[in-house]
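One chain follows as structure tokens, the form predicted alone.
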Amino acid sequence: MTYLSFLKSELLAVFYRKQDTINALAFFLIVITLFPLGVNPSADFLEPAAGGIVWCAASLAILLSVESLFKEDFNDGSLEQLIASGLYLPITILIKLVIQWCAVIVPLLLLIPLFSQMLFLPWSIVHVLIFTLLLGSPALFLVGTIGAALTVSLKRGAVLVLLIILPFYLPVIIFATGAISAAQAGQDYSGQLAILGAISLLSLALSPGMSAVSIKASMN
């Protein structure tokens, strides 16, 4: 097996297992739709809260997507074959993660203008929301991958992943919503965006290696 053949197989796997991606996007849509109905549908409430609503929904949808990242491969034995293939496991994990990120985040970004109008977020702020998702969502995927790797051999690991990973999501959510709030107030938000980028880069440096070690430990 080569990295190119692995890339092709992962693209096909995402296509044939698209239900996981659809579930994550559907969950995001349900949260965005029901929140105004269940709390307060007025523009005065939703406009300042829009950034937090979108990011909380996105975080949970990403967690739902990442939790099953290795489950199917573990169940059908392909994860064990991947470990024995001779390919550098952190790189294969990163390839798998990039494909999953594209499958979830790209459709989400395309729908953001619609969701923003549902939450009365001004058009002048939409690009800031998109920037925060582009810079912050990789960190959520990368951190979530570690939790998915730690619990890959557990039959009911979803709750455990939630408990392990959610505390590490908080800094990303705080700085992302802080950037959006600063933009709404007419203040500079470049510092928050820089911190989001730094968190994603740090996660990129740590996550593939830690996930590989966790998977090998879980397989033993």
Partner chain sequence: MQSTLTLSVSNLLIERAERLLCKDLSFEIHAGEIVHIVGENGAGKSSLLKVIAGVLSPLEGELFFAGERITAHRDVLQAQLCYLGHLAGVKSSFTVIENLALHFPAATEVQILAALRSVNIEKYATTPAYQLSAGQQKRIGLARLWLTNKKVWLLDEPFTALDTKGVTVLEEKLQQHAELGGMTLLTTHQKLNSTLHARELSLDS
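Note that this is a predicted model, so its numbers are computed, not measured. Positions refer to the first chain, counted from 1.
Just so you know, the form predicted in complex with the partner chain exists too; it's not on screen, but the next bit is about it.
Only one segment in the set 114 to 122, 128 to 136, 100 to 108, 70 to 78 has residues whose heavy atoms sit within 4.5 Å of the partner chain in the model of the complex; it is 70 to 78. A residue is said to contact a partner when one of its heavy atoms sits within 4.5 Å of a partner heavy atom; I91 fails this definition for the partner chain in the model of the complex, lying far away. Within 4.5 Å of some heavy atom of the partner chain in the model of the complex lies at least one heavy atom of A13. Mapping the unseen interface onto this chain, S9 counts among the residues with a heavy atom inside 4.5 Å of the partner chain in the model of the complex.
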